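Shown below, as structure tokens, is a lone chain in the form predicted on its own; questions about how it binds or moves come after it.
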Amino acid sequence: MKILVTGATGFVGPTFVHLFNRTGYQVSVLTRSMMTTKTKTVSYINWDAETPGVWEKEVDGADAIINLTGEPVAQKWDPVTKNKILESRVKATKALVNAIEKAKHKPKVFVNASAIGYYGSRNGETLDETSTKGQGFLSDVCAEWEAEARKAEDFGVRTVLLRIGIVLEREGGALSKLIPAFKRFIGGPLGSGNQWVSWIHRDDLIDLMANILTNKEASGVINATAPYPVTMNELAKTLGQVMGRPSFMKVPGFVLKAKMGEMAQEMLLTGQKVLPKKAEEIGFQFSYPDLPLALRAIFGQEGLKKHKRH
């Protein structure tokens, strides 16, 4: 199988590429961060979503495309940053769909990585793939982004809109931002702690994407979240237990708003309780369905020993 991946230099992409590299798939990575090069099993090709070029040849004949491209959202938002967040996603997706249209041998599946930000803040309402769009900047970005991706269906390509939750792993993402405070014994929940956190272990996310590539039942919207979301209070408490640290030092909401502005309000102080109904319907089995299991796996024996001592 030939797989084309964009955005593979971020938090999730390298691990995904490594997995398929090991299993013998032919992987091509479209990237803006390096010159065109090739290893035995992975090709890295420069691309610019605004400029047609040699990269389009990689689309023709690819069995699957996974689109992970996008300006990071975990930063302070101003008008320029907001435009980058939106345009980086919409333009890249539009360019890929245009290349699919031109291709003589079109991919069998197009997986577009979206986000649960689509649902907006819903005050603890239980959400699944049938739930309506929410309100806010991220919700609007996801809706426009997904609208571009859906156009691949017009060319007979099975299209998956993968709405990803908070991805947990030790060396990156949200967890890496929390760990230092807990190590210094000053960890705790953000804001009120009552906001819901819909999370997924990075390994489960990668396994789900792998499942989607070959599972013909997988199409349309699929939530990439674990079956058991938690509140921020529960997340902090469990993280503290696994690390053998207290978890009572709350970070006030006004501090986060002062530092990160609108981003803090949409991403840190409010949340969504999102369930992976479609993933379970297509038969996907989560290796880490609950948070204690996921965090113990992430911290390994070191985390378990600390937990026993305390």
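Given the structure is predicted, the values throughout are model-derived calculations rather than measurements. Residue indices: 1-based, along the sequence shown.
Unshown form predicted together with a small molecule; subsequent notes refer to it.
Note on contacts: among A113, A236, A99, A218, the single residue with a heavy atom within 4.5 Å of the small molecule in the predicted bound form is A113. The contact residue chosen from L68, M260, V42, L275 relative to the small molecule in the predicted bound form is L68, the criterion being a non-hydrogen atom within 4.5 angstroms.
Within 4.5 Å of any heavy atom of the small molecule in the predicted bound form lies no heavy atom of G124. The small molecule in the predicted bound form comes within 4.5 Å of a heavy atom belonging to T31.
Contact check for G300: no non-hydrogen atom falls within 4.5 Å of the small molecule in the predicted bound form. The small molecule in the predicted bound form is approached by V12, whose closest heavy atom lies within 4.5 angstroms of it.
In short, of 181-189, 166-174, 152-160, 99-107 it is 166-174 that has heavy atoms within 4.5 Å of the small molecule in the predicted bound form.
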